[in-house]
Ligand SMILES: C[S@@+](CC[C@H](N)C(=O)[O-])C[C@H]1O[C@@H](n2cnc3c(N)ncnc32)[C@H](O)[C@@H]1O
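For reference, the chain that follows is the form predicted on its own, supplied as structure tokens.
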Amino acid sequence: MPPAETPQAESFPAGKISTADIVAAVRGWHQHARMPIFADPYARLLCGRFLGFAVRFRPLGWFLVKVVLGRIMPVSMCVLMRARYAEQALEAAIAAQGAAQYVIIGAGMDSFAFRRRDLLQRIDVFEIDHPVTQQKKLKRIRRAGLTVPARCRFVAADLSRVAVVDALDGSGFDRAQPTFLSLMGVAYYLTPDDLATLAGSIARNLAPGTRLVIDYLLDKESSNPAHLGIREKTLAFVKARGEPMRSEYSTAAMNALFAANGFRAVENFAIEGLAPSYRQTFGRLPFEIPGLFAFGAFEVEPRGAGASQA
């Protein structure tokens, strides 16, 4: 989740706190909730010293959440929900498709390898991220005294210069094995052409049945009109931090993009629709789920099936 474009937000150490850091801090702060939507005891160790202290020290954490990020904190629900959705979809893919590899594209400060040791007995995990971000994460892992599991591989790559499948070469990744990929918190920073290129490359090079999950920004017409104010603030936040969102879609447009590039839609829906089931499971939610984002799960078609690949 991006930081807020407010005078208070400018008090953050300029250029040192990224959206990846803030996403981890949001997950860490959420652990104080009565019934966390997503359990992540490692988030506070990976979000950096300043934010990690804020997460642990309640008064500073309150200031961070209520004042600095207050106007867009409802978007934090999307951050928590996407993490929960991705891992539930991964568990389903392991059970149904026998997925043996998990590729986290744009992993940021994700703590999957430390939280889900149970799944690492069954799968190999590949974290792909920009070399600068990944080095920062590895430094924090060492500082926290964490041991990286043997089945977790870190793949440093600038994905604006190299394709995901090419970046994975040499890491122990097997293109022929059933694979599950997550593209969470990334798609809105890509242009539609970039996303289509990424999808097409995966469909051409990885095994049929490979699944990819994604979250994305709904276009204005598909967004809940009551939440358009939060939408504009969110777009302004990321732009102010030098990470502007570059794309938005309807669910139909996202289905069409993946269909044109070798995938079939498993499911694709606005995440606001999950609100009733979340309230039933967790009771009163910290914030209303904003109708601004969607989740999709897509599967690589057998070669030559469906629409032609781009």
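Residue numbers here begin at 1 and follow the sequence given. Bear in mind that the values here come from a model prediction, so they are computed numbers and not experimental data.
Below, we refer to the form predicted in complex with the named molecule, which is not included among the displayed structures.
K.L.:
Sort through 180-188, 143-151, 206-214, 224-232 and report the only stretch with a non-hydrogen atom within 4.5 Å of the named molecule in the predicted bound form.
P.N.:
Of the options, only 180-188 has residues within 4.5 Å of the partner.
K.L.:
Which residue among 89, 159, 120, 73 has a heavy atom within 4.5 angstroms of the named molecule in the predicted bound form?
P.N.:
None of the others qualify; the residue that does is 159.
K.L.:
Here the chain is shown alone; which of 175, 84, 130, 220 has a heavy atom within 4.5 Å of the named molecule in the predicted bound form?
P.N.:
In short, 130.
K.L.:
So in the predicted bound form, does residue 23 come within 4.5 Å of the named molecule, heavy atom to heavy atom?
P.N.:
Residue 23 belongs to the contact set for the named molecule.
K.L.:
With heavy atoms only and a cut-off of 4.5 Å, decide whether residue 107 touches the named molecule in the predicted bound form.
P.N.:
Contact with the named molecule, yes.
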